[in-house]
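Below, in C-alpha cells: the form predicted on its own, a single chain.
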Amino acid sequence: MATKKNKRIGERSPVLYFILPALILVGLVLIYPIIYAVGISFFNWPLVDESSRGFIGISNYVRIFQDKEFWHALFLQLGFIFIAIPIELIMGFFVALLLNREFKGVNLIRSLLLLPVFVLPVLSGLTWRLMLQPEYGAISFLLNTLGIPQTAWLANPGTAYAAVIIQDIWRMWPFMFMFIYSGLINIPSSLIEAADLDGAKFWDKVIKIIIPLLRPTITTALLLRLIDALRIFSEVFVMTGGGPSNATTLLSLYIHKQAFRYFNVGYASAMGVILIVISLIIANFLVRRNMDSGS
C-alpha cells in the first residue's frame, strides 16, 4: 500500500511542480486582490481616516443602486464596449480577408497594420489629445482644410465621447485583425476551392464556411477585448480626465475617482465587485454561445 501511495505521489509531483508557480502567481495577483476587495466592500473604508473605518454590511451596495453617477458611468462603459468592439471586429475581419492572399509587399502591410496595438495606452491617449487640439492639432488642421470649422473636440460632451471610442478603435482593431488572420490561415484551402467549384458566391463562403470555422477564434478575441475594454482607464484619463461634465467618466474612471479623489475605498471596492460580476456574466454568455454553436 505504502509503495503504491508513494508511487502515486511520485507520479503526480512533476505535474504539481509545473502547475504550482502558476497557481501561486494567479493567487497573488488575481485571487487575493479580488477576495480583499470583496471584503472591504462591506466596510466604510476611508483611505485617510483609519479611526472611522468599520463594518457597514451591504450599505455600499445599497448606495450604488441609488447613485445616479454610477449608472451614468456604467451606461457609458457599456456603450463604449458595444460600439467600439463590434466595429473593431468588423474592420479586423474584412481586412484579414483582404490580406489573406499573397501579393508583393503583403507581409510589410500586415506588419505595419499591427503597429497601433503596440502603442502604450497612455501614449495613444496623449497623441490623440494633441492631434485633436483645436489650434495646432493635425486632425483639426486636416478638418479645417476640408471646410469644417475649428472645434474644441474634447471640450464638447458628444464629440469627446466619440473621440475616446475612435481612439480605441484606431488602436485595437489590429488586435482583432491579428486573431482573425491567424484563424483564416488555418482554414483548409480545399474547403474554399470546393465551394468555388460549386459556384458559391463571396457571401456564401463567408457566412457558411469562414465564420463557422472562425467562431472559436472570434470568441477568444472578443473575450480578451472585453476584458481589456472593461478596465480601460489610462488613455481616457489622459485624453479627457473623465470630462467634460462627466461625459467620458466610464465606470473604471468613476471607481478611480471614488477611491483616490474622494478616498471612499470601500465604496469603490463595491463598484469594482459589480464590474467583475458584469464581466463574468458577459464572458459566460459568450462561452456558452460558442459551446452551444459547436455542439
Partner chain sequence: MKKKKLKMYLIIFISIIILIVELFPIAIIIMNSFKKDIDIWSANPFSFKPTLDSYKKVFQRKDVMLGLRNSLIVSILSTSFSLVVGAMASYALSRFKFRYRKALSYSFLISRMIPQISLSIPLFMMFRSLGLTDTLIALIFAHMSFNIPYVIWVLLPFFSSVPIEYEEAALVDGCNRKKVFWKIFIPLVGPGLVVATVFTFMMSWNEFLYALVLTSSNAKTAPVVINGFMGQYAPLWGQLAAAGTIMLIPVFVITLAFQRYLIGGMGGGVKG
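Everything numeric here is computed off the predicted structure, so don't read it as measured data. Positions refer to the first chain, counted from 1.
The protein also exists as the form predicted in complex with the partner chain; that form is not presented, and the subsequent description refers to it.
Enquirer: Answer with yes or no whether Ser269 is in contact with the partner chain in the predicted complex, where contact means some heavy atom within 4.5 Å.
Expert: Because a heavy atom of Ser269 falls inside 4.5 Å of the partner chain in the predicted complex, the answer is yes.
Enquirer: When the contact criterion is heavy atoms within 4.5 Å, does Ile227 count as touching the partner chain in the predicted complex?
Expert: Ile227: yes, in contact with the partner chain in the predicted complex.
Enquirer: Does Ile148 reach the partner chain in the predicted complex if we count a contact as any heavy atom within 4.5 Å?
Expert: Taking the distances in the predicted complex, the answer for Ile148 is no, it never comes within 4.5 Å of the partner chain.
Enquirer: Indicate whether the partner chain has at least one heavy atom within 4.5 Å of a heavy atom of Met131 in the predicted complex.
Expert: Output for Met131 is yes: heavy atoms within 4.5 Å of the partner chain.
Enquirer: Could you check which residue among Leu191, Ile211, Ile139, Leu78 gets a heavy atom within 4.5 Å of the partner chain in the predicted complex?
Expert: For this set of options, the contacting one is Ile139.
Enquirer: Hey, which residues along 109-140 are within 4.5 angstroms of the partner chain in the predicted complex, non-hydrogen atoms only?
Expert: Residues within 4.5 Å: Ile109, Ser111, Leu112, Leu113, Leu114, Leu115, Pro116, Val117, Phe118, Val119, Leu120, Pro121, Val122, Leu123, Leu126, Thr127, Trp128, Arg129, Leu130, Met131, Gln133, Tyr136, Gly137, Ala138, Ile139.
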